[in-house]
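Next up: a single chain in structure tokens, the form predicted on its own.
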């Protein structure tokens, strides 16, 4: 098909179910890739929360939608409505990508792969390193799992004392049992422990919504927690330079924005749906990144 050809009766639909989600860059990214490769697909978003999730999955399946991404608050909640999940999703208790093969729904998680690829493309080798991870939700757990599989030596996870903390305890036990990485859960409210662990870490990752618009004035660490030689990654990509990254840059840390992870996790999903590699460089140009 030629670039810019109108949607037809043969166009295949791919989407994203989450809430809130209207801010997402995923439609622009995937539609730019479809256009570059001449693929007759279109990607859009649907505001879907837990209350609407079961009906939404049944509807997408009934309509023959090729696949969809999943974001908060649905990453774990969607699992009971799928036919099977990948090993990575089992370890994470999280799904961010669903593939619909003639009504058979398979869930997997590409966030962790996207994070590892983002780190690698920015010149960071995670093997043998110590990492502090802020958050225990879907994206955080995917980063933890893939980081452990790909060679991190030690991970200290900090999260508020909420439902995600209890879930995080279960997931860290699995990772400790099934990988060579040592993972420990801590309460985010323990500021002294957080400071101590960051000072001893090679990598700091924020995988919470802190710093995301409209919470862009929030940062979970203090200036004195950051040190020269630390790599700081923020999974938030809107804004592209969060308050955490500004503080880290001022402390002479290496900084990596969430836009890189967003691109590479999207590329993994793209290939699962289409069988083709996403043209990353062309997509970056199309999005002015």
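Residue numbers count along the first chain shown, from 1. Note that this is a predicted model, so its numbers are computed, not measured. Rigid core here is just the name for the largest C-alpha set that superposes within 1.5 Å across the two forms.
The following text describes the form predicted together with nicotinamide-adenine-dinucleotide, which does not appear among the structures shown.
Proximity of residue 226 to nicotinamide-adenine-dinucleotide in the predicted complex: non-hydrogen atoms within 4.5 Å are absent; the residue sits far from the partner. Taking the partner from elsewhere, residue 106 is found to have every heavy atom lying beyond 4.5 Å of nicotinamide-adenine-dinucleotide in the predicted complex. In the predicted complex, residue 162 approaches nicotinamide-adenine-dinucleotide with a heavy atom inside 4.5 Å. Remark: residue 265 counts among the residues lining nicotinamide-adenine-dinucleotide in the predicted complex, judged by a heavy atom distance of 4.5 Å or less. For the options 194, 201, 210, 126, the residue carrying a heavy atom within 4.5 angstroms of nicotinamide-adenine-dinucleotide in the predicted complex is 210. Checked against nicotinamide-adenine-dinucleotide in the predicted complex, the residues 218, 99, 174, 82 give one hit for a heavy atom within 4.5 Å, which is 218. Contact with nicotinamide-adenine-dinucleotide in the predicted complex, judged as any non-hydrogen atom within 4.5 angstroms, is confined among 61-69, 30-38, 256-264, 44-52 to 256-264. Using a 4.5 Å cut-off on any heavy atom, the residues of 129-166 that reach nicotinamide-adenine-dinucleotide in the predicted complex are, in sequence order, 135, 136, 137, 138, 139, 140, 159, 160, 162, 164. Taking the rigid core as fixed, one finds a CA shift for residue 73 of 2 Å or more between the shown form and the other one.
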